[in-house]
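Next comes just one chain, in structure tokens: the form predicted alone.
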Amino acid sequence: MLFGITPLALMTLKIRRARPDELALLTQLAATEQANPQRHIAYLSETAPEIAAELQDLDRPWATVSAVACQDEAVVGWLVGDFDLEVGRTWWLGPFVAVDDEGVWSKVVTALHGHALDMLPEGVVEQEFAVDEHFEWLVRWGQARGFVPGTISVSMSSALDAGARVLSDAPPVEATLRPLTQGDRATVAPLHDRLFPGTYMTGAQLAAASKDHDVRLVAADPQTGVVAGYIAAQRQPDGGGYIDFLGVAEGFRRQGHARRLIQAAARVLHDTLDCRSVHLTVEASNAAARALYGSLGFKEARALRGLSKRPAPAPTGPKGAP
């Protein structure tokens, strides 16, 4: 890796598509940058082997949308796009740029981003970054290019071992707390879309998930059997568990459903999927949720910020015009 690239050296900087055989080199670059809060990306782990496993677990080959920056044959920058055609969005994994000057860093990122954008398929028009709140360079870079900073979220985690509070007195998965069935999809999908509009997973995608590492549970009202809430979790490539979504319908809140769902999901992650830890993110302003997770033994780690860019809405004509 190369540090301290000068503006003059940018004249010989080359941007190209990443090669699959470069994964070990590129993940080492990413791991070095991930260790620095001022360069940390939220979507990936912190060690090279974990990052490689996560990239290889994507729905398509990681090099499909992947650009590298080279200076005198040395790789100094990398950016990957993980996209979803149904949602029409790409989540940028990176940028990882080994440069110590913000102005030069910004030019390298601009070149990487432009090259990677050209690789995206038609219909992918939305973009998102998620970074440590201290990654001020990327926030400034993004705002200058129309990205809108989102609210601050907090990452939280808990060990899953014999002493884990989230595993103690965990309720059994039974009739009122059960795996999501095909019959639940018609209720869970619209509930998810209502509670989490515009997120990275649609209700249909969440309810249809069927991979071995997916966990989908619902809590039902004991009197009526109506679905009161749901939780979506997964075993990640690094071996840790992750809670993607937790939702409780408006008429069933403050009845303990959320707590039971968290505990039951943690139990499945530990007992069935052999996870030794579980992680999640929650909006920093959601004091009630943070308190709930804290009461179950979750500890707060990083504060994270998202950056999003959506296409401008199409202009509309006068009333009555097509």
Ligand SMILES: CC(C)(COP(=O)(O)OP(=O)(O)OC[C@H]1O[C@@H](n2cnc3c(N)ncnc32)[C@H](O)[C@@H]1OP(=O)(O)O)[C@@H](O)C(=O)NCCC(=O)NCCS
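In this text the structure is predicted, and so the values were computed from the model without any measurement. So that there is no doubt, residue numbering starts at 1 and follows the sequence shown.
Separately, the form predicted together with the ligand exists; it is not shown, and the next lines address it.
Contact annotation for A288: at least one heavy atom lies within 4.5 Å of the ligand in the model of the complex. Proximity of H279 to the ligand in the model of the complex falls outside the 4.5 Å heavy atom cutoff. For V76, no non-hydrogen atom is located within 4.5 Å of the ligand in the model of the complex, even though that partner is not displayed. Using a 4.5 Å cutoff between non-hydrogen atoms, A98 does not count as a contact of the ligand in the model of the complex. Proximity to the ligand in the model of the complex holds for none of V68, C70 and H115, with the criterion being a heavy atom within 4.5 Å. Residue A258 is the only one of A258, L26, I41, V268 with a heavy atom lying within 4.5 Å of the ligand in the model of the complex.
Think of it this way: in the model of the complex, the ligand has a heavy atom of just one of V218, L246, L167, L93 within 4.5 Å, and the residue is L246.
Only one segment in the set 26-34, 289-297, 47-55, 271-279 has any non-hydrogen atom within 4.5 angstroms of the ligand in the model of the complex, and it is 289-297.
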